[in-house]
Every structure is written in structure tokens, then in C-alpha cells.
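So this one's two forms of a single chain, laid out as C-alpha cells and tagged structure 1 and structure 2.
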Structure 1
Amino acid sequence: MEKILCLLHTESDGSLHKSAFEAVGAAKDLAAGLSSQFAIGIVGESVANAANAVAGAGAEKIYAAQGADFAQPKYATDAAACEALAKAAGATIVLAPATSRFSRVLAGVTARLGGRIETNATAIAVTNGKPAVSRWYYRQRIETTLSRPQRPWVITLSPGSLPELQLAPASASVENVAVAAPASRTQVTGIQSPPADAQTIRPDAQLLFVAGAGWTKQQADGASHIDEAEKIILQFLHQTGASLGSSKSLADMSGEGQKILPFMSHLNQIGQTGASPRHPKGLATCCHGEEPHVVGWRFISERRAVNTNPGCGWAQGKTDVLYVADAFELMRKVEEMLG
């Protein structure tokens, strides 16, 4: 019988990110499909609140590797904690969210355990009595389903690809696992981050707003209005809390010596050579909907676009709604409505 462990880590305030509840839901469904039990392992400085948050999931046990050594993400301590939790649970299958903290260490942990790892899986199910995971390859153009006989099998789950398990907080019983934390030369002295308004990439946003090269081109009056475009876009992001994406053509303009939107970089790029984000809704403006760009929208639930050309790529069945309009004028009206 398979022994399933769902590995989680706390956030800086001791809570759990929503990707943790996605992983717990996947572990619960997998255990039900295999007629097995599952356990939860949590890494963090103090896991009491996190354990209470998942106590209602029906896990057989909740293990914890907690203490000051695990307050900050560090490879040596996180790897030791994950290895100890997997061994304590006797896990043959380990599920974990593909967060930056776990993605950094779980390949090494798998090697220590003598197992195999699958990263960024988007689904897991039971097929013919065996667990099978789905993954995307070639820039999310090819989806595969695979299984492995080797154990332990470590699987990281791509955040946003699975439903979030809704749980009411309850009182949890936690079994602490002793971890021989190795000496670390890494010292975390603080965290530097940009102001909230300066951060344009927001993975948890409800809306993805994508700007294309049309924002920097000549407009109906024969002149370009990049300063106004910057004001409109940033104001919309501020009002809605949306995440900002870019077409490849707009991101590439910085290397061509052309005047660009100063807050835009290749990190914002969406598409075949960029990111494939997951947001409930998406709005594309001033981009034409070419296939290399649209492939990055594969996991957006509701897609809308604004373009002055009714025959653009977005109109070819690639968007739910196409607004044939001038993006400058339309977005000004939207911001008036938003107040």
C-alpha cells in the first residue's frame, strides 16, 4: 500500500499559501483513489497555525520540523527537514507545491532518498490502480501523462493548476520530528522588496493585463504617446491590483534602441518564450494575438482583447470577447468607471 506524504512550508507569518491547500487537496484525492491514508509534513519556525489550518483535511498524522533553523528558506536546513519528514512518514509518494522554496531543494532530497522526482505536475490521478501525473512540455504545447514504478516518488505540483481545498480551522495534533540541522554559513539579514505599487508581476492576481507594442506606436494623430500610455497602464494596475504581462514584440523593443515603457521587462513576457501564468481572467491590449503569444494564455480561464483591427489574431477563436476599439480611449473610460 502506498504511503502518501504532503509536504508544506509556512509563510513568514506562520500561515500557509493557497498552493499548500491545492497540494493537500491533491493528496487527499490521491489517497482516496488508492484506498490509502496520507500524512502532512510542515516545515517552519512555528507550525501551530498552519497545522490547525489543515487539521480538517483528514490526514492520518501531521508531522512537523519546526524551530528557528527553519524560519528562513536555506538549502541545507530545508533539505534536512524534508528528508527527515519523508523518512518519519515512511512515504512512498511525496506531494509538494512547486514553490521557490521547495523547488530549490526537493531534487536533492529525492537523491538522498534514492527516489525519482517529477516537477511542476499539473494534475495527478489514479489510472488502472496506479498514480499518474500530467505534465506539460515544449512551452505548454504537449501534455503527457506518466507513471513510475520507482519509490519514493516525489511530485511537485504547479501552483494554480489544481483546485484549492476549502477547510475550516480545527485543533491539530502534531508529531515533532527531530532534525539534525547542519551548520549553515548562510545568514539571512533581512528582506528587500519593492513597494507594492512597484511590483507589477502578481501571480495571485485575479486579472492579467497584457500590453502589446501598439501602446508605443503612432496613434491616430500621427504621434506616439508613451508617457500617456505609461500613466494609463500604471493607473489601471493600481486601481485593479492586476498583474502586468507583455508581448514579445514590446519586451524586445528595449534591445532595439526604441523608446519603451520603462516599467516593462522580459520578466513580464507572456507566451512561447515567456511565462504561462494562471489567472481567472485576462485582458490583452494593443497586441494582435499571434500564436506564439497566445500560447502563454493557455491556462487563463476567461480571455478578452482590445484591438482596432477586427481581423486580428484574437478574432480567430482565440478570445472570448474582442473589443474593436482604440485601447487609449477604452482604458480611459474603464478608469473613469473604476473611479
Structure 2
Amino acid sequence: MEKILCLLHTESDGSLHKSAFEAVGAAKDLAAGLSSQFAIGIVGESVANAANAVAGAGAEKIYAAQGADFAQPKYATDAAACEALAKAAGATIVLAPATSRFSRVLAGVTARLGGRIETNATAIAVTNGKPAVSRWYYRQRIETTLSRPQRPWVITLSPGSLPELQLAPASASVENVAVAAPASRTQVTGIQSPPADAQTIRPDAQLLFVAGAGWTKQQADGASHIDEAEKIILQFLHQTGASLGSSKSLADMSGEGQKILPFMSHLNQIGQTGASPRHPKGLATCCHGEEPHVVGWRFISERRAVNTNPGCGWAQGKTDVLYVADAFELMRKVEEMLG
């Protein structure tokens, strides 16, 4: 029988991110599908609150690797903790959210365990009595579902793909797993955030707003209006709380030191060589919607686009609605109505 372990880590305040509840939900469903049990393993400085938050999930056991050594996300310590938890649970299948913290270590942990890993899974099901994992290859161009015989099998789940398990906090009993923190030559010294007014990437936003190079191009009057573009884009983000994405062309221009849009960097880039964020809605402006740009939209549920060109890539079945209009004019109007 499979032994399922759901691995979680705490946030810096000791809580759990919503992707943790998605992973616990997946572990619970998988265990039910395989008529098996599941355990939870938590890594963090102090896991009591997190353990209580998932106490009602029905796990047979909650293991913890906790202490000051596990406060910060760092390869050497996190790998040691995850390895110890997987071994303590005797896991044949390990499920974990594909957060940046776990994505950085779990393949290494898999190597230590002599197992195999599938990362960024978007679904997990039981087919013919076996777990089957769905994931994308070739940067969202080919979709697969696969199963494999090797164990332990580590599977990371792409945040936002699965429903969150809703749980009322309860009182958890935790089994501590002793982990000797390995000596490490690395020290995490902090987090570098963009200044608050330039914090344009908001993973939890309802709406993704994507700006393309068109905002910088010569317009109908023969001139470009970059200052105006900047105002319109920032105002919209301010009014709606949307997350800002960029096409590659626009991100590249900003990176080459030209004074384009100062709040835009490579981190905003959506697409094959950028990010594929998950948001319920997306609005694309002044970009043309061809592959590979559109690859970055794979996980945007409702899509709308604004382009002056009615024949642009968005028109070819890539968006739900294409507004053929001047984005400057239309977005100004939208902002006026948003008040």
C-alpha cells in the first residue's frame, strides 16, 4: 500500500499559505482514491499554529522538523529536513506545493531518496488503481498525464491548480523528527522587494493586466506617448489592485536601460521565457497575442484583449473578447468609470 506524505512549510509568521491547503486536499483525495492513509510533515521555525490549522484534515500523523535552523528557506537545511520527514514517514509518495521554497530543494531531496520527481503538477488522479499526474512539457505547449513505477515518487503541485481544503483549526499532536542541521556555508541575509509603489507583481490578484510594446510605439498622431502610457498603466493598477505582466519585447526594452517604463522589469515578463501566473481574469493591452507570448496565458481563466489591429493574434481563438480600439483612449475611459 502507498504511504502518502504531504510536505508543507510555514510562512515567516508561522502560518500556512493557501497552496498548503491545496496540497493537503490533494493528499486527502489521493489517499481516498487509493484506499490508503496520509501523513503531513511540516518544516519551519515553529510549526504549532500550522499543525493546528491542518489538524482537521484527517492525517494519520503530523510530523515536524522545527527549530531556528529551519526558519529560513535554504537548500542545505531544507533538504535535510524534507529528507528526514520523508524517511520518518516511510513515504512512497510525497506531495508538496510547488512554492519557491520547495521548488528549490525537492528535486535534490528526491536524488537523496533515490526516487523520481514530477514538478508543477496541475492535477493528480487515480487511474486504473494507480496515481496519475498531469503536467505540462515544453513550456505549456504539450499537456501530459503520466504514471510511474519508481518510489519514492515526489510530486509538487502548481499553486492555484487545485481547490483549497477548507478546515477549521483544531488541536494537533505533533511528532517531532530530530534533524541535525548540516553545516552550511550559506547565509540568507534578507529579502529584496521592489519599493512599495513599484510592487506590481501580485500573485493573489483577481486580474492580470498585461502591457505590450505597443504602449511605447508611435501612435496615430505620429508620436510615442510613453509618459502617458506610464500614467495610464499605474493608475489602472492602483484602481484595480491588478498584477502587472509584460510582453518580452517590452521587458527587454526596459532592461536595456532605455527610459521606457521604470516600474517594469524582467520579473514582470509573461510567456515562454517568463512567468505563467494563475489569475481568474486577464486583460492584455497593446500586445499581439501570438505564441509564445500566449503560452504565459495558459492558466488565465477569462481573457480579454485590447488591440488596434482586428487581425492580431488574439483574434485567432486566444481570447474570449477582443476590443479593437486604441488602448490609450479605452483605458482612460475605463479609469474614468472606475472613478
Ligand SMILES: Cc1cc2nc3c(=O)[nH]c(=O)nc-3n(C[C@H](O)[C@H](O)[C@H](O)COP(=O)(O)OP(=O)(O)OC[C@H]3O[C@@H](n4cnc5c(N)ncnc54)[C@H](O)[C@@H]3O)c2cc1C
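One-based numbering along structure 1's sequence throughout. Treat the numbers as computed from the prediction; the structure is a model and nothing was measured. Superpose the two forms; the largest set of C-alphas matching within 1.5 Å is the rigid core.
- Here the form predicted together with the named molecule appears as structure 2, and structure 1 shows the other form of the same chain.
- Fitting the two forms on the rigid core leaves the C-alpha of E291 displaced by at least 2 angstroms between the two structures.
- E45 is not among the residues whose C-alpha shifts by 2 Å or more between the two structures once the rigid core is aligned; its shift stays under 2 Å.
- Once the rigid core is overlaid between the two structures, I62 does not reach a Cα shift of 2 Å, moving by less than that.
- CA movement of T216 between the two structures equals 3.8 Å, with the two forms superposed on the rigid core.
- Its Cα shifted by 4.7 Å between the two structures, K333 is reported here after superposition on the rigid core.
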